[in-house]
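Here we start with a single chain on its own, the form predicted alone, put down as structure tokens.
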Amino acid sequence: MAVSGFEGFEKRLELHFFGDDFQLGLRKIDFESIQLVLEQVQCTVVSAVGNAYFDAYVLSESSLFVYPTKIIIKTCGTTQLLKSIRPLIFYSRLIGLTLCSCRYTRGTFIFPKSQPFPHTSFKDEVTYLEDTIPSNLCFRKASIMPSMSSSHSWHVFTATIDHHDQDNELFTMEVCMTDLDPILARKFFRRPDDGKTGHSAGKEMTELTGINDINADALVCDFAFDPCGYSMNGMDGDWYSTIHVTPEDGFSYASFECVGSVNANNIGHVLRKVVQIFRPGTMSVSTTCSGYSNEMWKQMATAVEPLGFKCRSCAMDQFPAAATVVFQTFTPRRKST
């Protein structure tokens, strides 16, 4: 393990709002204002695409999704994600929207001592969140969900008002993978002086690795960094997916995230394709479902078993007026815990 390197594990923030404008809503926030928010986080936009339902931005450190009443920001490295909350609340109020729900999640940092405040510890993050979000989001809970390995835990903070409506048919899956197969990871390195733009090199990586086959119906916005690294956002109707890759040996990392219907039967197929693209040494899967029923974990374990992966730990936690989260860790059968 490298003493220091690029932090692949992302911090993820999801904010929900309510108000009178459910057609455009947050999508009316102009690009200049979005850039100012991202300046607080310490990242920039490198590519963007939109459809009838939402706008998707590939960032210099991960992704941003803007729906009429929901924003999801996911950033890696040493970004200061939580500093986006205050300006986002400010801009939302200008268009008549009010924050009604907040969810923050992350894994265990590979290089925790490199993180700036307020991400210096989960305790500091929770204190910052408690001090930042409005007091009417009174149903709050912070939890560290454990695994068999101390180096893989799932950190969750939620806060919501008591009457926040949620779609009980949807789930969010967050997959974090470390120790990628080195041969497969090399596909995310660019050749020196390849003469390509980040967009054209990204498109090449998407096709070369089979990422474009994960969801053939999705509109893909991809970007390859120089000399290595890759990000993509997928848009399929009002559902998003996103992948981020830090391929350097010693601290290689990849993440996949998507939203889907709990009634769909294709999530196992999607997870298998993701695992085959990266062949990680260790993988965690977090599924978040509204309400208090979360049976998705059974599909996850069944999906990757034929690929030689064994579920080493499974933890479940419930968050008041928010969701149920299941956190699982997997390793190949040939490896011990």
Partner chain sequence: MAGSSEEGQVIGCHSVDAWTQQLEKGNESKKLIVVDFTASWCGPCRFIAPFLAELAKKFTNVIFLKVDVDELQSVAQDWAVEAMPTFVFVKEGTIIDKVVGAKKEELQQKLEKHVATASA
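If you're wondering where the values come from, they're calculated on a predicted model, not measured in any experiment. Numbering follows the first chain given and starts at 1.
A second form of this protein, the form predicted together with the partner chain, is not displayed here; the remarks below concern that form.
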{"property": "Which of 282-290, 51-59, 268-276, 303-311 sits within 4.5 Å of the partner chain in the model of the complex, heavy atom basis", "result": "51-59"}
{"property": "Non-hydrogen atom contact residue 29 with the partner chain in the model of the complex at 4.5 angstroms", "result": "yes"}
{"property": "Partner proximity in the model of the complex: residue 198 to the partner chain, non-hydrogen atom cutoff 4.5 Å", "result": "yes"}
{"property": "Touches the partner chain in the model of the complex: residue 36 (any heavy atom, 4.5 Å)", "result": "no"}
{"property": "Contact test in the model of the complex: residue 138 vs the partner chain, heavy atoms, 4.5 Å", "result": "no"}
{"property": "Three-residue site 24, 45 and 223 fully in contact with the partner chain in the model of the complex at 4.5 Å by heavy atom", "result": "yes"}
{"property": "Interface residue in the model of the complex among 148, 219, 94, 208, criterion: non-hydrogen atom within 4.5 angstroms of the partner chain", "result": "219"}
